[in-house]
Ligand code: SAH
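There is one chain below, alone, in structure tokens, taken in the form predicted alone.
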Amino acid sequence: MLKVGQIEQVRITDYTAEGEGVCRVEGCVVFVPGAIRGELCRIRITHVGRTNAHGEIREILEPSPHRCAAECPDAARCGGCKFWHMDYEAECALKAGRVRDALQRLGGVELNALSILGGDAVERRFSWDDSNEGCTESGSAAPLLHYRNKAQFPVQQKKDRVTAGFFRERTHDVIPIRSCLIQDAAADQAREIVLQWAKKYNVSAYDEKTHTGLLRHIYVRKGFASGQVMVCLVVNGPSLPREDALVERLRWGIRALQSVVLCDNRAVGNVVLSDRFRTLFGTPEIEDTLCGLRFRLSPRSFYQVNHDQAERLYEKAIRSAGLTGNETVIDLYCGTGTITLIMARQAGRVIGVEIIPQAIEDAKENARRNGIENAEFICADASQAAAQLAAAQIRPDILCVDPPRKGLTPEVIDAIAEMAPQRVVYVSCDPATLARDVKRLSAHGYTLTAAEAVDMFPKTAHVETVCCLYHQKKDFISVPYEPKNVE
């Protein structure tokens, strides 16, 4: 039986969903962070559970050819990024394999090959019938660093100073960082300016245990196409001392500053933003351009954090929909209307659904400023709206969903089945819940005809997937549309 502290020599054979290496010791599955498949390592057992164990690398005896030195100096302490220790080809193979394994194991879909669009704009195709080598097609260059257009820095008191950074993995211990290599430089600039201001004017950090102190989060958003920057201070109260001095410092330090907003959040819990905002400088929102359309972004607006990859992701979703200009499309979880409005340019009628009132207001404004008149928006829970639309006999030709990580509820699945669209375009940020929902939709007559991964978040464990599910209705015969280079 395994014991904590036990030293073992192991061969890494696979990965977990979060990218940790997997091996077996005495028949027990052991998870090893920072290990690469194929490596021979000497590990120390750090935890033994009922069904598995955890270990740490003490020595790499046979390193993988894909191992590389971490560029980020804070990678080992922060834990936000998982793949600084491997090259990008191995990272893409891991993520494609994760999507394929989930669809096969949980969704019951057999895929011998899967394409993944890397953050470098290169299309890689991995096959599990050969040596798992990826074939690549060249594309335009895209950055693997500094791609995030949104940052949320929790603030915490560390001994005699206020600090801000990221939570250490599985804790609420804030790790101060020097510079985050996947965030835009404006985020680091804003963080440092706010911390200097807090130090000068003795602004206290929020304490999660006592619920005292003022400054909770430093939230920064940037429009990559517009260059506009928003800084939002999340505060345990209605105001901050010397707000004028803070605004002045931010205006001097960030040339493209468009907005400074204060968010009054006195709630106990982990939710970062409340619904109470006050503009300290500029406008209450910023603007960005995506797929040729202009979008208004308030602090609570959902907007993909990787601008360039978001354009490619949505282009794949549009291709999967196979729009001809006459279709009725329903877009559940529409956020500020990005996919809705992009689809509206190629559809007859599009209806977007979102539960956040501010997001719906932004979506309506985005439709107005882009001159789009064939898009409607409903503020409601996805399951309620889907049921209402089904009851109103609205029969979409295409239904698009881009749900949160938890995926679709059974009620949404049932409502989709009631509306019976010919195609369901599913954009997912979690392969496991995607596969579960594919299985559920298959029970209602839907077949997965296309799937492709998109790496929206290089260096992290997250991966997006675009799927097309097709329903062969009895009253007509049609051929399923399949995007190019996708199986």
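All values reported here derive from a predicted model rather than from experimental measurement. From 1 onward, residues are counted along the sequence shown.
If you look for the form predicted in complex with the ligand, you will not find it shown, but the lines that follow are about it.
Distance criterion of 4.5 Å from any heavy atom to the ligand in the predicted bound form singles out 404 from the list 227, 404, 348, 79. A single residue from the set 197, 333, 84, 166 has any heavy atom within 4.5 angstroms of the ligand in the predicted bound form; that residue is 333.
The chain is drawn here without the ligand; in the predicted bound form, the stretch among 173 to 181, 106 to 114, 320 to 328, 301 to 309 whose residues come within 4.5 Å of it by any heavy atom is 301 to 309. For residue 91, no non-hydrogen atom is located within 4.5 Å of the ligand in the predicted bound form, even though that partner is not displayed. Contact check for residue 362: no non-hydrogen atom falls within 4.5 Å of the ligand in the predicted bound form. The ligand is not drawn, but in the predicted bound form it has no heavy atom within 4.5 Å of residue 72. Interface residue remark: residue 411 is not counted as part of the site for the ligand in the predicted bound form, having no heavy atom within 4.5 Å. For the stretch 363 to 384, the set of residues having any non-hydrogen atom within 4.5 angstroms of the ligand in the predicted bound form comprises 380, 381, 382, in sequence order.
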